[in-house]
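The data below hold one chain only, encoded as structure tokens and taken in the form predicted on its own.
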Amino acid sequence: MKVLKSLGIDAGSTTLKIVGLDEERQIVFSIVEEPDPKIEEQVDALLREIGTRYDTASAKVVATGYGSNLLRADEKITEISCHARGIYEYFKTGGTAVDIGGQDNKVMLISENGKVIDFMMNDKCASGTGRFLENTAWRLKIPIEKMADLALKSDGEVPISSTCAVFAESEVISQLSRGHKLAHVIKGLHRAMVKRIGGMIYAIGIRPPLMLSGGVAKNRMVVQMIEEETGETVLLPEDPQIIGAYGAAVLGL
């Protein structure tokens, strides 16, 4: 039975992530699920299941994220520390790290030895976050995973001026009622989102390389537009959504 030395849990607002590491710091498994209302029971059940497949007797459990205060863990560490450590450990370099989550964004300057030099969070407003796109997708009855495809294939773009998620949703409906193409409006929505993220990046300052994490980083249109906005080539992990949990697990070691 494979021995696990650390378990990282990122209890986010829109997804729950768990990563298990072995003694060589290698990822043995990762889990991504929608969080239940009783997330503590969900996590306990998952940990019991993990315990049937792996030797977790000596594994340290580290929790982070929106719902971490509800969980039983050996240690609880801030999201900034976990996301910074995860992206640093993954790419083995300092730089500017941007985590685009479901309900907040984080921009972090990371030193060459992995320390957080400065950071900024957008945790009071949904603009620029995954919720910014999800609300509109729900309103238009479009699967969220189709939003990027529509934007990427668009041969035009309708500007969305509102930086507020609620007002932007209304503006999207208004633009469609004026006869603008859906794909053009969706591309404009992506641009408005990225402009908000770009403002945070410029406020902190860019120290190359520019690294992305978070579930929204799976959106190819967002990644492309961030490169256009900043002029930097983006480094993207294979699975950007688990970086916070991965960082928690690394810190557990």
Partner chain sequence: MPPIKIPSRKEVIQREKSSGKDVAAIYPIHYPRELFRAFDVHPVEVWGPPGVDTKMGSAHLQSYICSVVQSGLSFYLEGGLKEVKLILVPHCCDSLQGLGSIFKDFVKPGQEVLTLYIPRGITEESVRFLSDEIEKLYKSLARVTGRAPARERLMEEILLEEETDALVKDFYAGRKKTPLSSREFYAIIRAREYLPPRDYARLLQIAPRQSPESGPPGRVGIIVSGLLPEPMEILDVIDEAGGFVVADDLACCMRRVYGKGAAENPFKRMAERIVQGPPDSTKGGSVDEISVSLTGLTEATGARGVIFYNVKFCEPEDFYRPMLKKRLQNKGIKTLTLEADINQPLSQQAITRVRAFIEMLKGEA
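Numbering follows the first chain given and starts at 1. This structure is a prediction, so every number in the text was calculated from the model and none was measured.
Although it is not shown, the form predicted together with its partner chain is what the next lines describe.
Undergrad: Here the chain is shown alone; which of L152, I117, I173, I142 has a heavy atom within 4.5 Å of its partner chain in the model of the complex?
TA: By the 4.5 Å heavy-atom cutoff, the listed residue in contact is I117.
Undergrad: Which of these stretches, 174-182, 73-81, 91-99, 144-152, has heavy atoms within 4.5 Å of its partner chain in the model of the complex?
TA: Among the listed stretches, the partner-contacting one is 73-81.
Undergrad: Is Y54 part of the interface with its partner chain in the model of the complex - any heavy atom within 4.5 Å?
TA: No, Y54 sits far enough from its partner chain in the model of the complex that none of its heavy atoms falls within 4.5 Å.
Undergrad: Quick check on L251: any heavy atom within 4.5 Å of its partner chain in the model of the complex?
TA: Flag for L251 set to yes.
Undergrad: Please tell me whether any heavy atom belonging to N122 falls inside 4.5 Å of a heavy atom of its partner chain, as the geometry stands in the model of the complex.
TA: Result yes; N122 sits at the interface with its partner chain in the model of the complex.
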